[in-house]
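Have a look below at one chain only, the form predicted alone, in C-alpha cells format.
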C-alpha cells in the first residue's frame, strides 16, 4: 500500500513504498531545480517519477507537503558531524561540508529553490526551519565538547557558534553571489572560532 498515515517524512516506509518515495523525491528535486517552487506540480512530479498521480496526491497532497518531505529526506542523507577533538578542525569540517553542498550542481540550486519557496509558503518555511534545527543541533555537539575540554568559555551557546559558521556562506549563495570555496569556508570557521573563544557567544 502506497499511502502512509501521518505527516510526510514522519515514517520510514520500506519495500515498494520506500522505492516510490525515493523516486518521487528525486523527481521533485529535479523539478525544483529546473522550474522553482512556482513551477512545481504534483502531476508533473508523478510523470517524472513514473508513478500514479493518485499515489502522489494521496501521500503528499500538496506541493508544500512534498517539499517538506524532500527536506526531511535531505536531513536524513546529510553527513554526520565531525569529531576530531579540535574545535578549529570540527568547525572547518562543518564549513567545508556546507560549501560542498551549496556548490554541488544539484544541491546548490535545490537549496536556493527551497529557500525561495519558504519565503512565500508557511509549510515550506516550517520544514526548512526543522531541517536546519536538526543540522545545527547535531553540529552543536562539537562546540559543547570543546567547551568541556576548556577550549571555550563556560556558557558558550553552541548553536550560535554553528550558525555563525554557516551564515556568511549562505549569504554568498543567496545574496552576494560571491564565490564559495574551501578558502572561504576556512575563513568562516576561523572567524567563528575566534569569536567563540573571545566569549562573543556566551549566553
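Residue numbers count along the first chain shown, from 1. As the structure is a computational prediction, the values presented were derived from the model and not from experiment.
Same protein, other form: the form predicted in complex with a further copy of the same chain, not shown, and the subject of what follows.
- From the list 65-73, 147-155, 44-52, 165-173, the contact stretch for a further copy of the same chain in the predicted bound form under a 4.5 Å heavy atom rule is 165-173.
- Interface membership of residue 112, defined by any non-hydrogen atom within 4.5 Å of a further copy of the same chain in the predicted bound form, is confirmed.
- Under a 4.5 angstroms non-hydrogen atom cutoff, a further copy of the same chain in the predicted bound form lacks residue 19 among its neighbouring residues.
- Shown alone here, residue 93 lies farther than 4.5 Å from a further copy of the same chain in the predicted bound form, counting heavy atoms only.
- At least one heavy atom of residue 136 is located within 4.5 Å of a further copy of the same chain in the predicted bound form.
- Shown without its partner, the chain has 119, 128, 129, 132 in segment 118-135 as residues with a non-hydrogen atom within 4.5 angstroms of a further copy of the same chain in the predicted bound form.
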